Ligand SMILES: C[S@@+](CC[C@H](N)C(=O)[O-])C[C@H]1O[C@@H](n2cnc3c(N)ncnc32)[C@H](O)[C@@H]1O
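Shown below, as structure tokens, is a lone chain in the form predicted on its own; questions about how it binds or moves come after it.
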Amino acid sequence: MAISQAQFDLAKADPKLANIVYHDWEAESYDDKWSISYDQRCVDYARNCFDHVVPRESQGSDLAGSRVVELGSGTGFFLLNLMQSGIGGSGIVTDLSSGMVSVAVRNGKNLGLDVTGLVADAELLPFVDSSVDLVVGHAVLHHVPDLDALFAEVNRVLRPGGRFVFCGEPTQKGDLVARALSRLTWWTSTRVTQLPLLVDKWARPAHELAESSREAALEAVVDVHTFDPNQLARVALRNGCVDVSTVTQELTASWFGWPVRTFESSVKAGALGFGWANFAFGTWKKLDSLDRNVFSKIVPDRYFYNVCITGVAP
């Protein structure tokens, strides 16, 4: 979907409007851009994120039949893959972007899941009090201007003892490193691919690079927050949530993953092939295992890229 210059200029001044414009723009290509799928690879990733912040022995036996709402669902990556892993009997995807909600509902129906969708603001949820068993989200909190309003709403709509789980949120220190690596990768790859021996096979057309620059300009507006894990927990606590805890993920995996994603977006579509995809995913998995099994025991949480948070309604 093309964005007019007038829409673009208005969106740059308003984070909520920017979220709508940016994610409507990206909806049909978002899964390809971020290598999102609904096969075992992403089912395992989503469930591992959930289990990382809520160990299986603490999950209880009623998750399979629960009513689950996802905030900022995008194309449904987190909820749909969690449902395929056995979490949730019915799901509701919500997002400010109608384009994203449409794609998420379509993805859910294609998978045979009981999923409906609503265009909704996470700061003012369209659900009655105590009507939801589980609220989830992935990479959503950093887009929401008023986190106090979000957690107050989450606490309101959850049934007593109902749980929330948010994963994939950027930490302050992790995001600094990721963005620096991404900028360096983009600068290098867009120049190297212009070399005479590489330009025909590797270089993206100039109009696509210009479009990527516009996307990046809006992305800088929709990314409102980065987090200190302890400060994020305090936001949930002061809005009535209890049993709040945080964990972090991805140290060396993010140092590898962000340059890889940036490189993939800087070259011509189809230039890299299946062998590259296997290499990238296999390497990321090995580094993620190293982070979980070794570095998580010796490196402070605040240096990891992702923070996950969970808690319950009293």
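These numbers come from a predicted model, not from an experiment. One-based numbering along the sequence shown.
This next part talks about the form predicted together with this ligand, which is not shown.
Contact with this ligand in the model of the complex, defined as any heavy atom within 4.5 Å, is confined among 240-248, 113-121, 127-135, 153-161 to 113-121. This chain is drawn without this ligand; in the model of the complex, the residue among L232, V140, L82, A178 with a heavy atom within 4.5 Å of it is V140. Three-residue candidate spot N19, S73 and F77; every residue lies within 4.5 angstroms of this ligand in the model of the complex by at least one non-hydrogen atom. Within this chain, L96 lines the site of this ligand in the model of the complex, having a heavy atom no more than 4.5 Å away. Mapping the unseen interface onto this chain, F281 falls outside it, with no heavy atom inside 4.5 Å of this ligand in the model of the complex.
Although the partner is absent here, L218 lies well away from this ligand in the model of the complex, with no heavy atom inside 4.5 Å. Taking the partner from elsewhere, M100 is found to have a heavy atom lying within 4.5 Å of this ligand in the model of the complex. Residues of 18-32 that come within 4.5 Å of this ligand in the model of the complex, judged by any heavy atom, are N19, H23, Y30 in sequence order.
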